[in-house]
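What follows is a single chain, given as structure tokens, in the form predicted on its own.
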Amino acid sequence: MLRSPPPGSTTIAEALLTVDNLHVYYGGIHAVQGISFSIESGAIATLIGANGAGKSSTLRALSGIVPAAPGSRICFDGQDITNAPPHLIVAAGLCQVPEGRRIFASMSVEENLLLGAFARENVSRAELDHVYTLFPILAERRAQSGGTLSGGEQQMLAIGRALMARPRLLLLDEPSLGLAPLLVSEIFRILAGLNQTDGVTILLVEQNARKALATAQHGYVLETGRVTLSGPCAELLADEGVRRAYLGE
């Protein structure tokens, strides 16, 4: 059961998502070490950092896939969702597109999409058609098994499946992984459109730091489980340390 925030809270009312002192452990490994950040409704934010910095672990904790350690606090839309069951987090409007797509390979494209709406009672044909409008290739492949799609098509399917849950906040973990540059540009164009036209708030984890910072408004740099730098993306793009460490300059 999701919980209301404690009386007197001020930060939750100002942001769609507020993360306070998040810690994540895998046995003796301290993967996320007390990070705090917030995302305003309607924004695009990004987490950048090297492999092993704690980016994916942060998203998994937000989704309830891995436990947040005691003392951590995650609030979404005014509710404390810390360690809530994943299906309740999805029902509340926070959905993740996982790294590696994780589609159901033996099921058809349309069956994959409909599974994205499992937490909802009523799903209209118009909502399915909206996903097909965003990703016309999925409409052409609607009866085809998900496992027969190309990598880019599977990424589109994974995003479309998440959209069928009608998320208010969409978490994306490495959406460009393994894709050709033209497909990467198309995926990011669609994500920007979802934000601007459909009003979907986005938290993006992405190894392509230049693309992520050019798409988002606010960024957080993670190093060994800690936020070491944050600010407007335009400032991060101009930061000499960020340019040297993450942009190859």
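Values in this document were obtained by computation on a predicted structure and should not be read as measured data. Numbers for residues come from their place in the sequence shown, where the first is 1.
Absent from the display: the form predicted in complex with a small molecule. The rest refers to it.
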Pick the stretch from 34 to 42, 52 to 60, 184 to 192, 212 to 220 whose residues have a heavy atom within 4.5 Å of the small molecule in the model of the complex. 52 to 60
Note: exactly one of 174, 153, 110, 80 sits with a heavy atom within 4.5 Å of the small molecule in the model of the complex, namely 174
In the model of the complex, is there a heavy atom of the small molecule that lies within 4.5 Å of any heavy atom of residue 140, even though the partner is absent here? no
Contact of residue 127 with the small molecule in the model of the complex (heavy atom, 4.5 Å): no
